[in-house]
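Let's start with one chain on its own, the form predicted on its own, as structure tokens.
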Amino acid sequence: MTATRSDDAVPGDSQWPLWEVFIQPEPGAPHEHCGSLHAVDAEQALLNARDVYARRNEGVNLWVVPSQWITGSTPEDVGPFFDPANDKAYRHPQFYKTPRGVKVF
């Protein structure tokens, strides 16, 4: 798959590019996807994201990413894409015992 820039115009498409918005709820926490919006460029997308998704101090940081730059797996990929992890059961915590004296949260 080839990624294209958000300012590449699609002939006949009059809608602004779509941006995905991620918010960090508190310092040190991971960013979480909170929605999408249309904007002309990254600066406008960030300002719009602030106004739409962080107007009540819901977060401390915002990311905006052009939707067309995000690549994800498909439902058809579930077998071949994720199978390599199935033979690594030792990575799951149920195979380990907590030593005495260690507090479990």
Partner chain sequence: MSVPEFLLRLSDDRLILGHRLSEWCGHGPILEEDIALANISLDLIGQANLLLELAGKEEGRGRTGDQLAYFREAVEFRNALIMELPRGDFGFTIARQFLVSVFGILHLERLSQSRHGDLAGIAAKALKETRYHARHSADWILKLGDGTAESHRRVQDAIDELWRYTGELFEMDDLERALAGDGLAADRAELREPWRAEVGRVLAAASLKMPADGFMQRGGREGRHTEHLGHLLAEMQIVARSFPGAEW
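Positions refer to the first chain, counted from 1. Just so you know, these numbers come straight off a predicted model, no measurement behind them.
Not pictured, yet referred to below: the form predicted together with its partner chain.
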Inset, instruction - Please pick, from Val60, Leu47, Ala29, Val65, the one residue with any non-hydrogen atom lying within 4.5 angstroms of its partner chain in the predicted bound form. - result: Leu47
Inset, instruction - Check whether Trp16 has any heavy atom within 4.5 Å of a heavy atom of its partner chain in the predicted bound form, and answer yes or no. - result: yes
Inset, instruction - Check each residue of 24-58 against its partner chain in the predicted bound form and list those with a heavy atom within 4.5 Å, in sequence order. - result: Leu37, His38, Val40, Asp41, Glu43, Gln44, Leu46, Leu47, Asn48, Arg50, Asp51, Val52, Arg55
